[in-house]
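Coming up is one lone chain in structure tokens, specifically the form predicted on its own.
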């Protein structure tokens, strides 16, 4: 079984995702399956608001009214709209708050491949580099969103945290019923605090922090994903509060990406035409660069 998440080069991961069409979302298998190999990451998750959401989200004073506004029942745990982001659904039931597969993709189609170290190999420490590379590539092809695929993870985070995973019309109904909307969502702030789980070689027992260069690249990646999503949904959004939040998201993204324009020419194309293709090209161009001089002053001083 896998003892830790092995790093896979971002460039290779990005190239793979741009040439392979991702399959339809696979079913979730649950965080306990991941726990078998990723105990440290699982333990981090247990201390997060994501973990606590299963027992707490439905107790919010506006929960029933918001759920009812979707038209599919007052119970968050049974409401398909609420379940989209607030829970890990196994089968047809909410079994946990947002967990491993909420970010890394439903594992039913790739977990077996991900765990296959090769014939006779019992530990990831003994797996050959060539087998590891092919194993991760195969799992990725089957739908796994690897930790190196920062743009794809950023898409997932943005999709839920700014309500872009549901239809804009539905989002408007929920907002009117009291659902919060965060137009200032920023990936670094929400990923490098309580949810950070970076147990990488050579020290797989330490939850490693990013340096300024890494934070700056993630910051820009998050804004690239946010710009693409917000620009898209603004075309059909009609709720005033939702539109205002998405306009804020676009403005923040343009400010951040614009600051990197001098160092990363691909920023210009993304700002002119905020498509996923241009966003991925921009993120690929960030690799290996230290943009802390350009955007370091925009990085959050505290994390969620």
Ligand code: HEC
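What you are looking at is a predicted structure, and each value in this text was computed from that prediction instead of being measured. Whichever C-alpha set is largest while still superposing within 1.5 Å between the two forms counts as the rigid core. Numbering follows the first chain given and starts at 1.
Keep in mind that the form predicted in complex with this ligand is not shown, yet the notes after this line are about it.
Taken together, the three residues 223, 228 and 303 lack any non-hydrogen atom within 4.5 angstroms of this ligand in the model of the complex. Not displayed here, this ligand is kept clear of residue 219 by more than 4.5 Å at the level of heavy atoms in the model of the complex. Under a 4.5 angstroms non-hydrogen atom cutoff, this ligand in the model of the complex has residue 33 among its neighbouring residues. The closest non-hydrogen atom of residue 26 lies beyond 4.5 Å of this ligand in the model of the complex.
Taking non-hydrogen atoms only, residue 67 approaches this ligand to within 4.5 angstroms in the model of the complex.
Here is the short version: of 159, 138, 169, 213, the single residue with a heavy atom within 4.5 Å of this ligand in the model of the complex is 159.
Comment: this ligand is not present in this chain, but in the model of the complex one of 165, 133, 95, 78 has a heavy atom within 4.5 Å of it, namely 165. Counting a residue when any of its non-hydrogen atoms is within 4.5 Å of this ligand in the model of the complex, the hits in 172-199 run 174, 179, 180, 187, 190, 191, 194, 195, 197, 198, 199. A displacement of 2 angstroms or greater separates the C-alpha positions of residue 127 between this form and the one not shown, with the rigid core held in common.
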